[in-house]
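This document opens with one chain alone, in structure tokens, the form predicted on its own.
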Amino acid sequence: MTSQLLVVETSPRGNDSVSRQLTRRFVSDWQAAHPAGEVVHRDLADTDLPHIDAAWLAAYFTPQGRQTLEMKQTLRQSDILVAELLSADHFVIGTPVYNYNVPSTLKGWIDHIVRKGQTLGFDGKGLLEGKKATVLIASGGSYGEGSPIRERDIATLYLRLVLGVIGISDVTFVAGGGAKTVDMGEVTMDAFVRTMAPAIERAARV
């Protein structure tokens, strides 16, 4: 059976993005380990993803058999995102940290894929058991063991919580702390990515 990897990108910075460079390294390693695998890309920087509003909620809370065509259209983008997630065996999220948490684009994606009856059971049990997730985080600060700002690592706590809610317990976090050194010209992008390479390769080869 062919493995499928879903790649979720968030940064708007293109080639200047540390998180995107980490993700590219991950995809390369994953393809080497799964030569017959399929890679699906979802770039949230290029996805016109609406915020959850009253019309979306009205459609969401209406049983499928009673939804109007307009309601179905309102949920269409969300349905596409959920389908991508359901089809994947492994998915990788590459994200920067903004003000200690994930960017609004990633929060928006999460709001669209946490769906009762699809990724979350009506009993509150997550429905995506058996899938794997890898989260590649690029942050200006370092939040590792012994860091004086460790308690500010909200992004990791939030993503672990949300992924667990939808049933994904097999989650690997690769933390690229100190990424601001690349922006400040103290370290080259290639050198920074090389320091993360062993952890990325381990996550990609499982």
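Since the structure is predicted, the reported quantities are computational estimates derived from the model, not experimental observations. When you see a residue number, it is the position in the sequence shown, counting from 1.
Beyond what is shown, the protein has a form predicted in complex with a small molecule; the following relates to that form.
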Check: Tyr143: heavy atom within 4.5 Å of the small molecule in the predicted bound form?
Finding: yes
Checklist line | Distance check, Asp183 to the small molecule in the predicted bound form, heavy atom within 4.5 Å | finding: yes
Next item on the list: Using the partner position in the predicted bound form, report whether Asp16 sits within 4.5 Å of the small molecule, counting heavy atoms only.
Entry: yes
Note to self: Considering non-hydrogen atoms and a 4.5 Å limit, does the small molecule approach Val97 in the predicted bound form?
What the structure shows: yes
Notebook entry, point to check: Going by heavy atoms within 4.5 Å, which of 123 to 131, 85 to 93, 68 to 76, 99 to 107 lines up against the small molecule in the predicted bound form?
Noted result: 99 to 107
